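A single chain, nothing else alongside it, follows as structure tokens in the form predicted alone.
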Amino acid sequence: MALNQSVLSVNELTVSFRQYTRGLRQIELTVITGLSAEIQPGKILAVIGSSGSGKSLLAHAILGILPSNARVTGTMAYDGEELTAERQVKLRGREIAFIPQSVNYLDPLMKVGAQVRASIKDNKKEVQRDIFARYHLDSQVENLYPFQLSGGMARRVLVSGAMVSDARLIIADEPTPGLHPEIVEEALTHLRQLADEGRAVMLITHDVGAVLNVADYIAVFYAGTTVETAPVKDFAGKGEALRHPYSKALWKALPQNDFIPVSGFQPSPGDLPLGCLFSPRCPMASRECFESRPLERELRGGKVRCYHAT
């Protein structure tokens, strides 16, 4: 891999689903539109946005685990080469590790210790027991089946499996909900350590406050696309360094900031505006914002989709 080359590059990704309405009329529902993102080795890209913004679907598209009625356009590259369906199968679970949002990803017929050991190359039992101890899982847990675990224990097992792999890219989809704050801090610190060792990490979350101390960049999702990608240092103060109106509004909505809610609602995939996806809620919207969608452009060390960003 060339110096500074992205481990993962996603360019103008669009994901839609074929569905049937009443009368068996087929429609295509677009849920991700022209989305772009990249992650370099040694970096953590935090992906934030409200529910339904496309965060988890991006992870599933990268891994190649979308349902059969999905249609994907745009390009994805891993290590500088196109990420084809064949490569996704080959890399998934090996070069690309996944911490899923749902604990249902655990194999119900396999003891959880054995599931974690499947990700380890050498000293399997020793490494598995060390990682379980790090995440406060008692020694007897390795001999349990998933149905015997609490929700928090199952989530810690999922985190453990990804952390001990030799994957160069780790995609963590909301890995910490329901965990004790001490475990949350441990998991995030561990991801930071792996990035410092040269791994690339995509950390998907709805909680921007939780990732400020570990992320290098933050990508803000809205209605199925990236509206801004900025260095983590820009998420500070009153958000003056941020570029997109939605990013600024999201920042000001946090309880530790102004606690001002963002007015309006995120559009549903079946009712997207013709122009900028945020235009119906944006106080800066002009005529061109309603007529066409802005392209992503570089601005002040970040990237933004907005005609008025300066």
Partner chain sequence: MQLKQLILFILGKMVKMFILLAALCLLSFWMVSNSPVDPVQAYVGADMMLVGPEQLERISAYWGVDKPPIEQFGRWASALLQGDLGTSMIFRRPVASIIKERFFASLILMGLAWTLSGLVGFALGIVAGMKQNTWVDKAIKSYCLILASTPTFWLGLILLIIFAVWLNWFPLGLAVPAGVLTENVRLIDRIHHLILPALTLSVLGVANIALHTRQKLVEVLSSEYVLLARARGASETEILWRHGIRNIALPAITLQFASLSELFGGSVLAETVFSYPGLGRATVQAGLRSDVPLLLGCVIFSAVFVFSGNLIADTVYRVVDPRIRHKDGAV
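Residue numbers count along the first chain shown, from 1. Fair warning: this is a prediction, and the values are worked out from it, not measured in the lab. What we label the rigid core is the largest C-alpha set whose atoms superpose within 1.5 Å from one form to the other.
The protein also exists as the form predicted in complex with the partner chain; that form is not presented, and the subsequent description refers to it.
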What is the one choice in 72, 144, 179, 232 with a heavy atom within 4.5 Å of the partner chain in the predicted complex?
144
Proximity to the partner chain in the predicted complex, single hit among 99, 167, 187, 131 (heavy atom within 4.5 Å)
99
4.5 Å heavy atom contact with the partner chain in the predicted complex for all of 60, 109 and 119
yes
With the partner left out here, check for me: in the predicted complex, does some heavy atom of residue 175 sit within 4.5 Å of the partner chain?
no
Could you confirm whether residue 93 comes within 4.5 Å of the partner chain in the predicted complex, counting heavy atoms only?
yes
Whether residue 65 contacts the partner chain in the predicted complex should be assessed with a 4.5 Å heavy atom distance threshold; does it?
yes
Taking heavy atoms only, is residue 113 within 4.5 angstroms of the partner chain in the predicted complex?
no
In the predicted complex, which of 146 to 154, 191 to 199, 72 to 80, 218 to 226 comes within 4.5 Å of the partner chain (heavy atoms)?
146 to 154
Threshold 2 Å Cα movement between this form and the one not shown for residue 189, core superposed
no
Align on the rigid core first; then say whether the Cα of residue 73 has moved by at least 2 Å between this form and the one not shown.
no
Regarding residue 92 and residue 123, go with closer or farther for their CA spacing in the predicted complex versus this form, the difference being 3 Å or more.
closer
